[in-house]
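In C-alpha coordinates, one chain follows: the form predicted alone.
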Amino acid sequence: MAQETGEIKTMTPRQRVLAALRREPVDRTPVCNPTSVATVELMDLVGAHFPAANRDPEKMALLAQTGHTELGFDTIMPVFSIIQESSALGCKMQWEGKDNWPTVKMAEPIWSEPQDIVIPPDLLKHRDTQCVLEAIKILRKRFGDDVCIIGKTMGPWSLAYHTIGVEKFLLMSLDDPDKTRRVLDKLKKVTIDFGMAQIEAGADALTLPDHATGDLVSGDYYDRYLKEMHIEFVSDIPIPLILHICGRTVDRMDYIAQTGMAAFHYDSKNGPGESMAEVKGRIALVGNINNPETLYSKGPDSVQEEVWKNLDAGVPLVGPECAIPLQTAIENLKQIPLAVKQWHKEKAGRT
(Lines give C-alpha, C1' and ligand atoms only; values in the text may rest on other atoms or scores of the structure.)
Protein backbone atom coordinates (compact mmCIF):
# COMPACT_ATOMS: atom_id res chain seq x y z
CA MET A 1 0.00 0.00 0.00
CA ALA A 2 1.04 3.61 -0.50
CA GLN A 3 2.75 5.42 2.33
CA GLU A 4 0.66 6.53 5.28
CA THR A 5 0.19 10.28 5.49
CA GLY A 6 -1.35 10.44 8.97
CA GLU A 7 -2.46 13.83 10.24
CA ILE A 8 0.04 15.85 8.24
CA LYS A 9 -0.80 19.50 7.82
CA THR A 10 -1.97 20.46 4.32
CA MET A 11 1.02 21.20 2.12
CA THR A 12 1.51 23.51 -0.82
CA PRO A 13 2.16 21.74 -4.14
CA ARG A 14 5.84 22.69 -3.91
CA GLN A 15 6.19 21.39 -0.35
CA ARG A 16 4.39 18.19 -1.31
CA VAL A 17 6.59 17.40 -4.30
CA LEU A 18 9.88 18.24 -2.61
CA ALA A 19 8.96 16.18 0.45
CA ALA A 20 8.09 13.20 -1.75
CA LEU A 21 11.38 13.57 -3.62
CA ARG A 22 13.13 13.40 -0.23
CA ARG A 23 10.98 10.33 0.58
CA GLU A 24 9.43 12.16 3.53
CA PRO A 25 5.77 12.00 4.65
CA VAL A 26 3.26 14.00 2.61
CA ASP A 27 -0.34 15.08 3.08
CA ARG A 28 -1.23 13.24 -0.14
CA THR A 29 0.63 11.75 -3.08
CA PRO A 30 1.82 14.55 -5.40
CA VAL A 31 0.94 14.61 -9.08
CA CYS A 32 4.14 15.26 -10.97
CA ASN A 33 5.06 15.77 -14.63
CA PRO A 34 8.85 15.51 -15.00
CA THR A 35 8.46 15.74 -18.79
CA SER A 36 5.74 17.44 -20.86
CA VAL A 37 1.95 17.58 -20.46
CA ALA A 38 1.51 20.17 -23.22
CA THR A 39 -1.29 19.43 -25.68
CA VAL A 40 -2.69 21.10 -28.78
CA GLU A 41 -5.88 21.75 -26.81
CA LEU A 42 -3.92 23.58 -24.11
CA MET A 43 -1.97 25.50 -26.76
CA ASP A 44 -5.25 26.69 -28.27
CA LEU A 45 -6.62 27.55 -24.83
CA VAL A 46 -3.84 30.01 -23.99
CA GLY A 47 -2.63 30.98 -27.46
CA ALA A 48 0.86 29.53 -27.03
CA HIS A 49 1.63 27.06 -29.80
CA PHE A 50 4.60 25.04 -31.00
CA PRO A 51 7.09 25.93 -32.33
CA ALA A 52 6.92 29.38 -30.69
CA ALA A 53 6.34 27.86 -27.24
CA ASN A 54 9.71 26.13 -27.58
CA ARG A 55 11.56 29.35 -28.47
CA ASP A 56 9.73 32.26 -26.84
CA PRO A 57 10.07 32.43 -23.02
CA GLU A 58 6.69 34.05 -22.34
CA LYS A 59 4.85 31.53 -24.51
CA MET A 60 6.83 28.67 -22.99
CA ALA A 61 5.87 29.81 -19.48
CA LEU A 62 2.24 30.39 -20.46
CA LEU A 63 1.83 26.92 -21.92
CA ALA A 64 3.77 25.26 -19.10
CA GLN A 65 1.66 26.76 -16.33
CA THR A 66 -1.48 25.12 -17.72
CA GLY A 67 -0.17 21.87 -16.23
CA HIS A 68 -0.99 23.41 -12.86
CA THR A 69 -3.72 25.95 -13.56
CA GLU A 70 -5.81 23.82 -15.95
CA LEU A 71 -4.86 20.22 -15.14
CA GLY A 72 -4.25 20.49 -11.40
CA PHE A 73 -0.75 19.02 -11.27
CA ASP A 74 1.56 19.95 -8.37
CA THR A 75 4.41 20.75 -10.76
CA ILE A 76 5.13 23.01 -13.70
CA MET A 77 7.58 21.77 -16.32
CA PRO A 78 8.42 24.33 -19.03
CA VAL A 79 10.76 22.23 -21.21
CA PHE A 80 8.50 20.39 -23.66
CA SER A 81 11.18 18.86 -25.89
CA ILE A 82 14.61 17.25 -25.62
CA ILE A 83 16.43 19.50 -28.06
CA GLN A 84 17.17 22.87 -26.41
CA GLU A 85 20.83 22.09 -25.64
CA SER A 86 21.35 20.28 -28.94
CA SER A 87 20.11 23.31 -30.85
CA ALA A 88 22.54 25.47 -28.89
CA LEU A 89 25.37 23.03 -29.65
CA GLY A 90 24.76 23.55 -33.37
CA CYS A 91 22.64 20.56 -34.37
CA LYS A 92 20.41 20.99 -37.39
CA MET A 93 16.79 21.31 -36.33
CA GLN A 94 13.34 20.54 -37.63
CA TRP A 95 11.00 22.88 -35.71
CA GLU A 96 7.71 21.37 -36.97
CA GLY A 97 4.26 22.90 -36.33
CA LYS A 98 1.89 23.08 -33.40
CA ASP A 99 0.92 19.41 -33.60
CA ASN A 100 4.41 17.93 -33.39
CA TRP A 101 7.56 18.26 -31.31
CA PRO A 102 10.71 19.82 -32.72
CA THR A 103 13.41 17.29 -33.53
CA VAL A 104 17.13 17.10 -34.21
CA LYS A 105 18.07 16.03 -37.72
CA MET A 106 20.12 13.09 -36.50
CA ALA A 107 20.88 12.02 -40.06
CA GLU A 108 23.13 15.08 -40.17
CA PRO A 109 25.37 14.74 -37.07
CA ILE A 110 27.73 17.56 -36.18
CA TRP A 111 30.50 15.44 -34.64
CA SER A 112 32.06 12.06 -35.26
CA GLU A 113 34.91 11.56 -32.79
CA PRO A 114 35.56 12.66 -29.17
CA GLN A 115 38.17 15.15 -30.35
CA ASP A 116 35.53 16.87 -32.53
CA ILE A 117 33.46 17.88 -29.51
CA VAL A 118 33.75 21.55 -28.65
CA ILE A 119 31.24 23.06 -26.24
CA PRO A 120 30.50 26.64 -27.33
CA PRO A 121 31.54 29.10 -24.60
CA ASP A 122 28.26 30.97 -25.13
CA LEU A 123 26.08 27.84 -24.91
CA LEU A 124 23.89 29.33 -22.18
CA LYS A 125 23.40 32.56 -24.14
CA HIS A 126 21.92 30.78 -27.17
CA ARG A 127 18.29 31.59 -27.90
CA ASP A 128 17.09 28.06 -27.10
CA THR A 129 18.84 27.66 -23.75
CA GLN A 130 18.03 31.24 -22.79
CA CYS A 131 14.36 30.52 -23.52
CA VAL A 132 14.29 27.87 -20.79
CA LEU A 133 16.14 30.03 -18.28
CA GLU A 134 13.89 33.02 -18.86
CA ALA A 135 10.73 30.88 -18.74
CA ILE A 136 11.78 29.47 -15.35
CA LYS A 137 12.37 33.01 -14.06
CA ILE A 138 8.91 34.06 -15.27
CA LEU A 139 7.25 31.07 -13.62
CA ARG A 140 9.10 31.54 -10.33
CA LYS A 141 8.05 35.18 -10.21
CA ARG A 142 4.47 34.32 -11.20
CA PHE A 143 3.92 31.44 -8.76
CA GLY A 144 6.34 32.25 -5.96
CA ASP A 145 6.93 29.32 -3.64
CA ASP A 146 3.52 27.72 -4.20
CA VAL A 147 4.21 25.32 -7.09
CA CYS A 148 7.20 23.05 -7.74
CA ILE A 149 8.99 24.19 -10.89
CA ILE A 150 10.94 21.43 -12.61
CA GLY A 151 13.60 22.15 -15.19
CA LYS A 152 15.33 19.72 -17.53
CA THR A 153 18.96 19.10 -18.42
CA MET A 154 19.78 16.39 -20.92
CA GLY A 155 22.27 13.68 -19.99
CA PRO A 156 25.38 12.98 -22.07
CA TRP A 157 24.08 9.70 -23.50
CA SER A 158 21.10 11.53 -25.02
CA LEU A 159 23.30 14.39 -26.22
CA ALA A 160 25.58 11.86 -27.94
CA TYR A 161 22.60 10.49 -29.88
CA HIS A 162 21.81 14.00 -31.11
CA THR A 163 25.33 15.16 -31.95
CA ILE A 164 26.99 11.95 -33.16
CA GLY A 165 23.98 9.89 -34.27
CA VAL A 166 22.20 6.99 -32.60
CA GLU A 167 23.64 4.18 -34.71
CA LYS A 168 27.20 5.48 -34.75
CA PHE A 169 27.22 6.13 -31.00
CA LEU A 170 25.72 2.74 -30.14
CA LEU A 171 28.28 0.99 -32.34
CA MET A 172 30.98 3.03 -30.62
CA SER A 173 29.71 1.90 -27.21
CA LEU A 174 29.98 -1.70 -28.39
CA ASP A 175 33.34 -1.50 -30.14
CA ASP A 176 35.29 1.17 -28.29
CA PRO A 177 34.42 1.71 -24.60
CA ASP A 178 37.29 4.15 -24.07
CA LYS A 179 36.17 6.41 -26.91
CA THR A 180 32.59 6.19 -25.64
CA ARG A 181 33.64 7.34 -22.18
CA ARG A 182 35.58 10.24 -23.66
CA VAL A 183 32.48 11.37 -25.54
CA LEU A 184 30.36 11.18 -22.40
CA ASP A 185 33.00 12.92 -20.32
CA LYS A 186 33.12 15.87 -22.72
CA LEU A 187 29.34 16.17 -22.98
CA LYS A 188 28.70 16.05 -19.24
CA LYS A 189 29.72 19.70 -19.00
CA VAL A 190 26.55 20.62 -20.90
CA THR A 191 24.41 18.66 -18.44
CA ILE A 192 25.98 20.27 -15.39
CA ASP A 193 26.24 23.83 -16.71
CA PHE A 194 22.66 23.98 -18.01
CA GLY A 195 21.37 22.39 -14.83
CA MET A 196 23.18 24.90 -12.63
CA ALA A 197 21.87 27.79 -14.73
CA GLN A 198 18.31 26.55 -14.24
CA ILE A 199 18.84 26.40 -10.49
CA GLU A 200 19.97 30.02 -10.57
CA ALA A 201 16.85 30.86 -12.60
CA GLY A 202 14.61 29.32 -9.93
CA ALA A 203 14.11 25.60 -10.62
CA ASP A 204 13.25 23.43 -7.59
CA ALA A 205 14.21 20.13 -9.22
CA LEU A 206 15.57 18.91 -12.55
CA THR A 207 14.59 16.10 -14.84
CA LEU A 208 17.69 14.45 -16.27
CA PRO A 209 16.79 12.36 -19.34
CA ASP A 210 19.59 10.01 -20.37
CA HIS A 211 18.15 7.71 -23.00
CA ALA A 212 20.01 4.46 -22.41
CA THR A 213 16.60 2.93 -23.07
CA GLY A 214 15.57 -0.64 -22.48
CA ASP A 215 15.01 -1.31 -26.19
CA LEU A 216 18.51 -0.11 -27.18
CA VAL A 217 20.96 -1.06 -24.42
CA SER A 218 21.09 -3.45 -21.49
CA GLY A 219 21.22 -2.74 -17.78
CA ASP A 220 24.89 -3.70 -17.88
CA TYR A 221 25.51 -0.75 -20.19
CA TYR A 222 23.98 1.57 -17.64
CA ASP A 223 26.31 0.17 -14.98
CA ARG A 224 29.32 0.33 -17.29
CA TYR A 225 28.88 3.81 -18.71
CA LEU A 226 26.43 5.89 -16.73
CA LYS A 227 26.11 4.92 -13.07
CA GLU A 228 29.30 6.63 -11.86
CA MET A 229 28.60 9.70 -13.98
CA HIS A 230 25.09 9.96 -12.54
CA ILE A 231 26.57 9.76 -9.04
CA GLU A 232 28.81 12.66 -10.07
CA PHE A 233 25.78 14.67 -11.24
CA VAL A 234 24.10 14.17 -7.87
CA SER A 235 27.24 15.49 -6.19
CA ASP A 236 27.63 18.47 -8.53
CA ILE A 237 24.00 19.60 -8.95
CA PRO A 238 22.56 20.63 -5.55
CA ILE A 239 18.81 20.12 -6.08
CA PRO A 240 16.75 16.93 -6.54
CA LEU A 241 17.40 15.12 -9.81
CA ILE A 242 14.74 13.00 -11.50
CA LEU A 243 16.35 10.54 -13.89
CA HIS A 244 14.27 9.66 -16.94
CA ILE A 245 14.88 6.60 -19.09
CA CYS A 246 12.17 5.13 -21.34
CA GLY A 247 11.37 1.48 -21.90
CA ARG A 248 11.68 -1.69 -19.89
CA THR A 249 14.25 -0.71 -17.25
CA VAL A 250 13.78 -3.05 -14.28
CA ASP A 251 17.16 -4.57 -15.18
CA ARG A 252 18.90 -1.28 -14.26
CA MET A 253 16.72 0.02 -11.43
CA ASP A 254 19.05 -1.45 -8.80
CA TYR A 255 21.96 0.46 -10.36
CA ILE A 256 19.88 3.64 -10.63
CA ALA A 257 18.89 3.33 -6.98
CA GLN A 258 22.60 3.39 -6.07
CA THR A 259 23.22 6.78 -7.69
CA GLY A 260 21.65 9.05 -5.08
CA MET A 261 19.19 10.46 -7.62
CA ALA A 262 16.07 11.74 -5.87
CA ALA A 263 13.75 9.85 -8.21
CA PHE A 264 13.43 7.71 -11.29
CA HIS A 265 10.70 8.57 -13.81
CA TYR A 266 9.69 5.15 -15.02
CA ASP A 267 7.86 3.72 -18.02
CA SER A 268 4.59 1.77 -18.06
CA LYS A 269 6.53 -1.20 -19.48
CA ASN A 270 7.56 -1.76 -15.85
CA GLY A 271 4.97 -2.81 -13.29
CA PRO A 272 4.60 -0.56 -10.21
CA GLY A 273 4.93 -3.47 -7.80
CA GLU A 274 8.04 -5.00 -9.34
CA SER A 275 9.64 -1.56 -9.69
CA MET A 276 9.03 -0.64 -6.06
CA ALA A 277 10.46 -4.01 -5.03
CA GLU A 278 13.57 -3.38 -7.11
CA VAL A 279 14.39 0.12 -5.79
CA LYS A 280 13.71 -0.93 -2.17
CA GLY A 281 12.98 2.60 -0.93
CA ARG A 282 16.41 3.93 -1.93
CA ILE A 283 14.95 6.25 -4.55
CA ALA A 284 11.48 7.65 -5.24
CA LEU A 285 9.58 6.52 -8.32
CA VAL A 286 7.55 8.85 -10.53
CA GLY A 287 5.02 7.51 -12.99
CA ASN A 288 3.86 5.55 -14.77
CA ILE A 289 0.50 6.22 -16.46
CA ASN A 290 0.62 4.82 -19.99
CA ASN A 291 0.63 7.38 -22.79
CA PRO A 292 -0.31 5.81 -26.15
CA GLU A 293 -2.98 3.44 -24.86
CA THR A 294 -4.42 4.90 -21.66
CA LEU A 295 -4.01 8.68 -21.83
CA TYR A 296 -4.34 9.01 -25.59
CA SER A 297 -6.74 6.22 -26.57
CA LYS A 298 -8.86 5.42 -23.50
CA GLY A 299 -10.99 7.35 -21.03
CA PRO A 300 -10.96 8.63 -17.44
CA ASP A 301 -11.96 5.27 -15.92
CA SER A 302 -8.88 3.60 -17.37
CA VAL A 303 -6.72 6.51 -16.19
CA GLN A 304 -8.08 6.12 -12.66
CA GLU A 305 -7.37 2.39 -12.73
CA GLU A 306 -3.70 2.97 -13.58
CA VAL A 307 -3.35 5.78 -11.03
CA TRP A 308 -4.76 3.55 -8.29
CA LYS A 309 -2.47 0.70 -9.31
CA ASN A 310 0.52 2.98 -8.68
CA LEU A 311 -0.90 4.23 -5.39
CA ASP A 312 -1.66 0.71 -4.19
CA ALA A 313 1.96 -0.22 -4.91
CA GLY A 314 3.23 2.75 -2.88
CA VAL A 315 4.65 4.81 -5.77
CA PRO A 316 5.50 8.19 -4.16
CA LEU A 317 4.75 10.52 -7.11
CA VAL A 318 2.19 9.87 -9.84
CA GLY A 319 2.10 11.20 -13.39
CA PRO A 320 2.40 10.26 -17.07
CA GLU A 321 5.23 7.92 -18.03
CA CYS A 322 6.79 10.37 -20.50
CA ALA A 323 5.94 13.41 -22.63
CA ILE A 324 2.32 12.84 -23.57
CA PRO A 325 0.97 12.72 -27.14
CA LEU A 326 0.07 16.26 -28.16
CA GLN A 327 -3.47 15.20 -29.09
CA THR A 328 -4.23 13.78 -25.62
CA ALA A 329 -7.63 14.82 -24.24
CA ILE A 330 -7.52 17.27 -21.34
CA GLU A 331 -10.16 15.28 -19.42
CA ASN A 332 -7.80 12.31 -19.21
CA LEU A 333 -5.01 14.46 -17.80
CA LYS A 334 -7.34 16.11 -15.29
CA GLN A 335 -8.34 12.64 -14.15
CA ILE A 336 -4.87 11.95 -12.75
CA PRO A 337 -5.08 14.43 -9.82
CA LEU A 338 -8.78 13.65 -9.37
CA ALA A 339 -7.99 9.94 -9.06
CA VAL A 340 -5.21 10.62 -6.55
CA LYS A 341 -7.53 12.69 -4.37
CA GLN A 342 -10.32 10.11 -4.60
CA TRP A 343 -7.95 7.29 -3.64
CA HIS A 344 -6.79 9.19 -0.57
CA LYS A 345 -10.38 10.05 0.35
CA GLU A 346 -11.45 6.42 0.15
CA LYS A 347 -8.34 5.29 1.98
CA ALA A 348 -9.09 7.76 4.79
CA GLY A 349 -12.60 6.36 4.99
CA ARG A 350 -11.24 2.85 5.46
CA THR A 351 -8.90 3.79 8.31
Partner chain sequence: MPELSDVHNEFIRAEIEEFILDENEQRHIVQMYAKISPQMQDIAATIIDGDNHLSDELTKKALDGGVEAIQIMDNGLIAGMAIVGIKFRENFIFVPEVLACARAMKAGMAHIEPILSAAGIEPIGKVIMGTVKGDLHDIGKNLCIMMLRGAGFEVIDLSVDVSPEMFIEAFEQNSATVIGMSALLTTTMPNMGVTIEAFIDEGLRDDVRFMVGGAPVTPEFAEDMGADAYGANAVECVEVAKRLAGETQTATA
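Numbering follows the first chain given and starts at 1. Just so it is clear, the model here is predicted, and its values are computed rather than measured.
The discussion below concerns the form predicted in complex with the partner chain, not included here.
Against the partner chain in the predicted bound form, the set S81, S86 and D185 makes no contact: no member has a heavy atom within 4.5 Å.
Taking a 4.5 Å heavy atom cutoff to the partner chain in the predicted bound form, the contact residue among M106, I237, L124, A201 is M106. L174 is the sole member of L174, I231, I119, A277 with a non-hydrogen atom lying within 4.5 angstroms of the partner chain in the predicted bound form.
Within 4.5 Å of any heavy atom of the partner chain in the predicted bound form lies no heavy atom of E58.
Though the partner is left out of this view, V250 does not reach within 4.5 Å of the partner chain in the predicted bound form, counting heavy atoms only. Remark: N100 counts among the residues lining the partner chain in the predicted bound form, judged by a heavy atom distance of 4.5 Å or less. Though the partner is left out of this view, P325 does reach within 4.5 Å of the partner chain in the predicted bound form, counting heavy atoms only. Comment: 174-182 is the region of 147-155, 132-140, 174-182, 73-81 lying near the partner chain in the predicted bound form, near meaning a non-hydrogen atom within 4.5 Å. Interface residues of 201-229, taken as those with a heavy atom within 4.5 Å of the partner chain in the predicted bound form (partner not displayed): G214, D215, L216, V217, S218, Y221, in sequence order.
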